[in-house]
Every structure is written in structure tokens, then in C-alpha cells.
Ligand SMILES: Nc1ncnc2c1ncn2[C@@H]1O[C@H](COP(=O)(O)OP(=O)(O)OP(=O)(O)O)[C@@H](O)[C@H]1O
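Below sits a lone chain in C-alpha cells, taken as the form predicted alone.
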Amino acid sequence: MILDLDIGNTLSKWRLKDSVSSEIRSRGAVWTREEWRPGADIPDLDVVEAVRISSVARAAVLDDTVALLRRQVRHVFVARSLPESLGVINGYDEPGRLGVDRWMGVLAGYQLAGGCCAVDCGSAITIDFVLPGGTHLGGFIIPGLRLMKESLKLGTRNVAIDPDSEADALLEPGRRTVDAVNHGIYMAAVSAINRIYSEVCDQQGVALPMLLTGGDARVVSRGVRVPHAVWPDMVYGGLEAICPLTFAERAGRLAGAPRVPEPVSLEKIRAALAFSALL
């Protein structure tokens, strides 16, 4: 079995993947902590042959996790943000400072779609762009839905947005404080994603497919106005791409990869921007 770990600042996700069939056998998530316990935080390691890790948590969390794993698992791979990988040139002035989860998303998106806009809807919402030739432009970071809600300090933080809500309902004025907060932060998030995508495509003269991942991707997706696909395993896809361990991975098949959406034309993107400028 292969254990993939996506360690975030708040939540850590894991999955077990069959090293022969490439099938996903199980998955889970726990709150990020410094002391990891196999069987509680991560699966029992008796059947694990290799581990791949993407981590943006504190150095102590990663160090403790790696130390624990190396006592029982032969191969432990930790992803790093590099100046260049798999044909993608890191757009950061200091490449190592790009969050490795963003780098994994960019690499996965590029392997799947070529140039793309990769959006991760987690504690923060990150929006990264890579051009068809492999140039990563950098990106944008805005507060995620939960972080925006907590910043208002209105006692509504534990009332989440229903992921099954229709976008039209979420974009209406709220008639209760909790609804006003939820609808307001939703409008802020999806409006930012829509506008950033259009502005960058206009600047670069290219319409890019958009891929969404992260815990809030499902609900955010309902308000995104350009063609896109949701790929829950996009960070794992980056791990598969840079450290292929199965036959399918070495053949370039990434687990759970969606069909690449056909973007709207650049002319339509520019027309929408021109129209919004008139309002």
C-alpha cells in the first residue's frame, strides 16, 4: 500500500492506495497535530510500503511525522517546492517559499490540462496560473469561507454554508444575520475567483481551463461562472506526478482526475470584463 498525506495548517488528509491496482482503498482526515498516532491519526503502517507527503504545517509537525514513519516504512518521500519540475517553471522569486500544496496543484493541473488555473478552496483560497508552455505566473491568496466568517466575530462561525445550497440562493440578501454573513462571504469568494480568472486571462491573452480542489470546492463551484472541474485529489495528483510508484502513475494516469473543461473563448472573457466595467 501507498500512504499519501496532505498535511495542512488545520486539517490533515490521508488516503491508502493499492500499489498494484492503483485503487484507493481508504481515506480520512484528522486535525493537524504534532504527535501522530498510527491507527488514530494515520492508518496502521504494517501494510504501507511507501509514504508521500505534502505539508504546509509547522516544521515540527513534519519532522515528527517523518521520524515516526521512517521507523516503520522503508520509503518516505517529502515533496518540496522547486524552481522547476515536470516542465513547469516556478513563478516565485524564491521558489521554496511557494506553498507545497499549491505547487502540487499546479503540477497536477499542468500534467492533466497543460496551462490551467488551479484553485484550492481551503482555510485560504489560493488561485494559481500556469501557462500552456509551463510558466507558472504565481497567484493570489484570499481568506477562505471559514476564515472570513471567523474574522467577523458575530457568533456565526459554527454555522457552515450548506454545500448543497444553490448558488442563486447564496447570492440573495440574507434575512437573518447568519444568512447575511454566509451569503456575504460566499459572494466575496466567488466574485474574487471569477474576476481574478478573467483579469489574468485577459492580461495573458489566453483562456485557461479551471480546476478546483479543497474542502470548500464543492460549494464554491456553484458560484464560479466559467467552465471548471472539481478535483478533490489534485494535491495527491501532484504527489503521483513527481513520485510515481504504480504502473498507472508511471503511465501518467492520475487518480480521480476529471475531464478537462473546455474554457470559454477569450473574446467572451473580455466582453464580460468590458461589460462589468460599465456597471
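Keep in mind that this is a model prediction, so the values were computed, not measured. Just count from 1 along the sequence shown to find any residue number.
A second form of this protein, the form predicted in complex with this ligand, is not displayed here; the remarks below concern that form.
Chemist: Here the chain is shown alone; which of 190, 82, 124, 170 has a heavy atom within 4.5 Å of this ligand in the predicted bound form?
Modeler: Flagged contact: 124.
Chemist: Counting only non-hydrogen atoms, choose the one of 61-69, 42-50, 212-220, 243-251 that falls within 4.5 Å of this ligand in the predicted bound form.
Modeler: Looking at the partner contacts, the answer comes out as 212-220.
Chemist: Should residue 13 be classed as touching this ligand in the predicted bound form when contacts are defined as heavy atoms within 4.5 Å?
Modeler: Residue 13: yes, in contact with this ligand in the predicted bound form.
Chemist: Mark residue 183 yes when one of its heavy atoms lies within 4.5 Å of a heavy atom of this ligand in the predicted bound form, and no otherwise.
Modeler: Flag for residue 183 set to no.
Chemist: So in the predicted bound form, is this ligand close enough to residue 19 to count as touching (4.5 Å, heavy atoms)?
Modeler: It does not: once this ligand is placed as it appears in the predicted bound form, residue 19 has no heavy atom within 4.5 Å of it.
Chemist: Using a 4.5 Å cut-off on heavy atoms, which residues of 172-210 contact this ligand in the predicted bound form?
Modeler: The stretch 172-210, when checked against this ligand in the predicted bound form, contributes no residue at the 4.5 Å heavy-atom cut-off.
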